[in-house]
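For reference, the chain that follows is the form predicted alone, supplied as structure tokens.
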């Protein structure tokens, strides 16, 4: 108030929440997001059915997909979704774990706020707890140099367990590991670099998922331009053209004056001869297959078919570059630039039956590979693709880093006990925040037990007892309910996935808990 008059600071369309109200709002939002995905965690997690306004149905237990599909409006909830999206972009898996950890951290913060512990103290305790977690993870790390196929297979198996692909997980895991190892670039200093774009995942509806295959080459969603061309080409020599195989317009405006039918016929004949010459030049180089980024004139198609040459037009530029990497060909701009040394090779180019797909296989030293997935419906095939994507990313992480940890809640129990011991050495109220940070790691074994139909308290007590007795790899077998050695069971994950989940969750929770004022601008509706 100023001289009895109210001073308006904020517009009337701004909703403002302050103090505990703002903190409670963010806590409830984080817990709601965690609750939306927690039942999907683990091999026996449940699926979610998401229906868009247009009627499209998605059935999945992939945390990133669920959070991407649902409409989130609350700013605090959006931050949790962003944590999941970052987790997916950076490491490709662990999105559900990250969300559950954020929800658990906010729940612990709520309890501490009720005890009048300041948000800054909570955030500092979470930071110290996260740093201690990183130390413990480094101590638990299993290191392997080079391509340890056995460990990589276990990583892939762990990633796809509980997904729709589980019935053929051994076959698919083998294909994913083979694909990643094929495109891996081993540097002289011993490091490994992998470009995830070099592994294409293609899907088709039809056949059984057991018919999935790894193609050492490329699969394109196009077929030959002329039915007279061969459907299959063995020992193919491949020409890649960035320019159209047709008569192009001149750069400057020009007019041709034709005064007789003979001149018209001569003009048309010259055009036909130019097009025929294009096809003859391609054939003269020894090329038996042509992939053109732009169009191929009908006359050129006819002469190429007559020469027995396989051709595809309107080839996307990005995919043309990947075919070049797979086959060793060089992309040229003009037919005149074609020669024997710019042609690529492939053992087989084959148009697939009943679907618009062409396979380029049998490349000698492919820099790109494709995984072809099959299924009975689009919903099922989409979930298969998500499962294989997750497996691909975690195998890449493991191969690049050479660091692994054991899953099945064994690492979480070690973190719980280790951080709790560390908290006892820290004085003041910060100790309570660090203990709270340790407590959140109970949420993973608790959720695994709940999703598998077991009593969570019993299983957590059994896990703590096993780890206190020195069994650092002890974890929950979700199928039998027994506490077993997870390393022997082959439940292995990349270290990078766990580290990213813990860091992202701790940073997001620390930021959210320090918010004590929320100002949300509402959009005015017409007429208001």
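The structure presented is a predicted model; accordingly, all values stated were derived computationally and were not measured. Residue numbers count along the first chain shown, from 1.
We do not show the form predicted together with a small molecule, though everything after this point is about it.
Contact check for residue 161: a heavy atom falls within 4.5 Å of the small molecule in the model of the complex. Although the partner is absent from this view, residue 370 stays clear of the small molecule in the model of the complex, with no non-hydrogen atom inside 4.5 angstroms. In the model of the complex, at least one heavy atom of residue 491 sits within 4.5 Å of the small molecule. Although the partner is absent here, residue 476 sits close enough that one of its heavy atoms falls within 4.5 Å of the small molecule in the model of the complex.
The stretch from 96-104, 329-337, 109-117, 372-380 that comes within 4.5 Å of the small molecule in the model of the complex, counting heavy atoms only, is 96-104. None of 448, 122, 396, 438 but one reaches within 4.5 angstroms of the small molecule in the model of the complex through a heavy atom, and that residue is 448. Taking a 4.5 Å heavy atom cutoff to the small molecule in the model of the complex, the contact residue among 500, 65, 26, 40 is 40.
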